[in-house]
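The chain that follows stands alone, in the form predicted on its own, written as structure tokens.
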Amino acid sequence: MSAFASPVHSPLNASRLYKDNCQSCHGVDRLGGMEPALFPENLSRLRKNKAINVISHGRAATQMPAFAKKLSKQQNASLVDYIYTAPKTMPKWDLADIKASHIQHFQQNKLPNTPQFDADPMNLFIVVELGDHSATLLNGDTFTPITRFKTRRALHGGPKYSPDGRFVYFASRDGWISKYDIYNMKVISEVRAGINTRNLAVSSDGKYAIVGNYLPHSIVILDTNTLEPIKVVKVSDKKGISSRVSAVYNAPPRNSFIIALKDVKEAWEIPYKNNADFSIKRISTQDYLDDFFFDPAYKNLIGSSREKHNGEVIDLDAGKK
């Protein structure tokens, strides 16, 4: 630091500010705790000027207090610069961390196997309310609420359902996966599969869920019965170049998960039927895939490309464009 630089804006000072004012809620090393993780990937939808306002004035209906009387404008700006700066080393969130985060709220086998409400269980809606981190279960015949319940913060990727319609799985941006029992209107179990999560998918047989992460660069396969992790895969291409995960989807006729990678030119297919070790089939792509969908037969993947005007169609059986 030069002799003329303000100590308020030094990285060391900002780190201290974070430890003294933010760490108790947002976790050691910005990994998250009772409140979300604070990394550029987690803050992508919050502009810096709005982050400064949140620190100064707090956020309604949350635990976030106002720091305007405690922190100067310079200190506030220094904190914002700090949390919008990527760490020098990739944050760690491995199998041991995932297992340690697991929460079992209720024993599934001790709950009734029939709906505890008067509505057609196959004609329901779940409305995700992003602003106050809640969801409402609606009767599909009358559009009246059956129950409303709290969710993790900033759900992303859309809820995914078990084949029988009894369970719904939610993914939050800060990596929490929640299993909700619709019949009994209870959150059964939760696990934190990553630090910043893109989305999740559930297998056609209902046995597995796969989670794709931005941080760390990983995919996580969960046992849907308990939400215990089965396997964690560090995501990188054949040359070892690490990558975020753009999207994960289930391909029902193929009995496999399909994964798009954001930073390398590959897509992955992971069969989950008769594939005990969840081995990966790598498919080379001509561009980075941000997202994709399938043709009706699930033979072709149609992907959107980040840098080119045209999409990309990949034959999954042949493994090529």
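Source: prediction; values computed, not measured. Don't overthink the numbering: it's just position in the shown sequence, from 1.
Omitted from view is the form predicted in complex with a small molecule, to which the following refers.
Heavy atoms within 4.5 Å of the small molecule in the model of the complex belong, among the stretches 278-286, 291-299, 38-46, 254-262, to residues of 38-46. In the model of the complex, at least one heavy atom of S24 sits within 4.5 Å of a heavy atom of the small molecule. In the model of the complex, the small molecule sits within 4.5 Å of a heavy atom of R173. Under a 4.5 angstroms non-hydrogen atom cutoff, the small molecule in the model of the complex has P65 among its neighbouring residues. In the model of the complex, no heavy atom of K273 sits within 4.5 Å of the small molecule.
Three-residue candidate spot I55, L71 and R153; every residue lies within 4.5 angstroms of the small molecule in the model of the complex by at least one non-hydrogen atom.
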